[in-house]
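Only one chain is shown below, in structure tokens, and it's the form predicted alone.
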């Protein structure tokens, strides 16, 4: 396989950061050279463990995801009956919990847990990035920060699905869809925290804001809080869950949020640049890939293609 300029740069940076010796470097370069140019042949011929093959998320990220997942659903299913308490469906729900006053207490308690989870997340990514900077292994391309490459990946992915490209773009650890998901959730959580605080501490906001603005601010927050919650619920149900769990090749569930691992073919297809780093960081993966190429006779296919060119 002839790597693109970006893929070559990722591979060289990873080998430099991991202080790869001459022997390992030769092994990696040889393995990359015998890969078929058509990456579709790779991920369509891989047999992977549904629970995941390659490490992706730390235990901290998995705990944060679970906290966010559970608190979000509980906040939605307690908050909406509070706002629409007079609706025919909300009253029975509130009664089961002990009345709307009890539902409010539950809702606010869960909100505190969600805020703690958000702080935990910010500390994790900040301290983790700081530690990698000190170790000389930080690479902004492996972060969730949007880059110009994501715009190009989005355009090229559209071309692929429109039949104008043979392969999907070489995307990194977090592709453009995941970054959109992440920052949409971050924005939504921020709106919910700010608007929710205006209900609990109206005097504080009245002190901060000019008198002419304070009443309008409260009204805006009362409108945005339930509607942002409903929008987030719809986005999670119809966009995030589909892309992560229900899409072909992921159905009925992707286990990454529990195991912290991603399947091999998924990483090759949607995170090829990160897969190259795994070849550097995990010697066992080199043997697994070599065995797969030989068992599927992809080396011979590559040789025939090379002979025809």
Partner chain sequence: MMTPLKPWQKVVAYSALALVGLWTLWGLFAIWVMLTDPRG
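Just so we're clear, the structure is a prediction, and the values are computed from it rather than from any experiment. Numbering follows the first chain given and starts at 1.
Beyond what is shown, the protein has a form predicted in complex with its partner chain; the following relates to that form.
Within 4.5 Å of some heavy atom of its partner chain in the model of the complex lies at least one heavy atom of residue 226. In the model of the complex, at least one heavy atom of residue 296 sits within 4.5 Å of its partner chain. Residue 238 belongs to the set of residues with a heavy atom inside 4.5 Å of its partner chain in the model of the complex. Taking the partner from elsewhere, residue 57 is found to have every heavy atom lying beyond 4.5 Å of its partner chain in the model of the complex. Listed residues 33, 284, 66, 253 were compared with its partner chain in the model of the complex; 253 is the one with a heavy atom within 4.5 Å. Out of the listed residues 233, 125, 97, 191, 233 is the one that sits within 4.5 Å of its partner chain in the model of the complex by at least one heavy atom. Here the marked residues 50, 93 and 246 all reach its partner chain in the model of the complex, each with a heavy atom within 4.5 angstroms.
Listed stretches are 40 to 48, 58 to 66, 22 to 30, 276 to 284; the contact stretch with its partner chain in the model of the complex is 40 to 48, by a heavy atom cutoff of 4.5 Å.
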